[in-house]
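Read the single chain below, which is given as structure tokens and is the form predicted on its own.
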């Protein structure tokens, strides 16, 4: 066995082609997640980490990404993603790095009438792109909601069809927007939130509230956008809503970027 191993990744590359990104993805790693007011909870995150590769370098050092993930002691949050990106940048002496963590998390939810307590699960992600020119922080949530069709309500003698929808909010922000804020914003923009436990009084209240608040997918996206546009912490956003239609064999969707 050789006493000293050659750094093959550090060999020069004669093709003179720089790469926008090289790194690892699908890396599973446990963290404590900071959701906001509800505090910390354990999650298994899937990480994607990369760096820009100069034309003169053959390859990046993949193990250093994993080492950086293992060295992150702070709870997973927008600000800790910046810390992770800076550590990756330092370990790899890279001009530009990108880190992203995707995860599933839960929040406690009380039924509206009986106050029966359960949990609803959501998908979320944090990302940070770090370069000499700027630091870009992104948060994303996917939130289930109920929507009731305004057209169905208007033309029917009684009742109206409703469906399960997913509102996705992705914001570029200053690092201070909590996951729970985005979840609450999405849930308040549909006809009704969804719950894990509903007794009969709860179900009655939920269905009546939805009937009183009909929403197209277009309505839900615009409702979210109005609030985000007034938030000075948010630089830009991508908002979408997708409904699994209950009386059609297709989905309805709307999207807005600003």
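Positions refer to the first chain, counted from 1. Not measured: the values here are computed from a predicted model.
Omitted from view is the form predicted in complex with another copy of the chain, to which the following refers.
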query: Is the gap between residue 162 and another copy of the chain in the predicted complex 4.5 Å or less for some heavy atom pair?
result: yes
query: Is residue 35 close enough to touch another copy of the chain in the predicted complex, meaning at least one heavy atom pair within 4.5 Å?
result: no
message: Can you tell me if residue 75 lies within 4.5 angstroms of another copy of the chain in the predicted complex, counting non-hydrogen atoms only?
response: no
message: Against another copy of the chain in the predicted complex, would residue 110 count as a contact residue? Criterion: heavy atoms within 4.5 Å.
response: no
- line: Which of 133-141, 162-170, 177-185, 75-83 lies within 4.5 Å of another copy of the chain in the predicted complex, heavy atoms considered? The stretch 162-170
field: Sequence-ordered residues of 196-210 touching another copy of the chain in the predicted complex, heavy atom within 4.5 Å
entry: 196, 197, 198, 199, 200, 201, 203, 204, 206, 207, 208
